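Only one chain is shown below, in structure tokens, and it's the form predicted alone.
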Amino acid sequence: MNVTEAVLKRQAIRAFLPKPVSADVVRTLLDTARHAPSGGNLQPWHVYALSGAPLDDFIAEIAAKLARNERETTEYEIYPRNLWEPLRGRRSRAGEQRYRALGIGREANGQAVLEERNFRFFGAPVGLFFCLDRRVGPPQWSDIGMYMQTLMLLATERGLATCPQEVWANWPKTIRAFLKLPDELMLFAGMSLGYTDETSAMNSYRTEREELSKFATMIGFGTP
């Protein structure tokens, strides 16, 4: 598989098989992804990987808190307030695709069902957390995004699947305590890693992408 094939094949998977992923494979993916670029070669990422009993214990802790209707506050805003067009429409259409795949409307209990699946890593055998030193700025947030993208493409190359999950930023205190994060680190996002459940409707659709002309301005290239 070449890079172009990996880019086109990768998608956010929301239903995984219980098939385990070996420690060696996870270690290789994380290690190879360290060659992602970062401004000034700061390499600001910190990654925590959970599997097996620790992952089960963590998921159970979150489930218990959800059952008690406990909630936490994010340390950063995941989306800008009062989203504008076309961003708001893109997010809304992607959400509607998920609800249709679930067969449950947003107005029913679709949001609660999606939340519950999110907080089980969609059944994936590996849960990843990505953290940054809270003293860094937006450029380093970009760096950790490049690390995550590199990791996702490497996973795709190996026949694995992923789902990046900023939704985990909703549980900063619980995750900090469970992972015993040092005070200077803050959680950015999580990620599910495993093998795609090809039978699930949750994996049967692709979110739209805008045409090149909508976002790229090419200057000095002549007439195509």
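On a predicted model such as this, the values are computed, not experimentally measured, just so you know. All residue numbers are counted from 1 along the displayed sequence.
In what follows, reference is made to the form predicted together with a small molecule, a form of this protein that is not presented.
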Checked Phe178, Phe188, Tyr48, Tyr195 for heavy atoms within 4.5 Å of the small molecule in the predicted complex; positive is Phe188
Between the options Glu70, Glu166, Glu184, Asp56, which residue brings a heavy atom to within 4.5 Å of the small molecule in the predicted complex?
Glu166
Any chance Arg120 has a heavy atom within 4.5 Å of the small molecule in the predicted complex?
no
4.5 Å heavy atom contact, Ala94 and the small molecule in the predicted complex:
yes
Just checking whether Arg209 would be counted as a contact of the small molecule in the predicted complex - the rule being heavy atoms within 4.5 angstroms.
yes
Non-hydrogen atom contact Gln11 with the small molecule in the predicted complex at 4.5 angstroms
yes
Please determine, with the chain shown alone, which of 157-165, 25-33, 39-47, 57-65 has non-hydrogen atoms within 4.5 Å of the small molecule in the predicted complex.
157-165
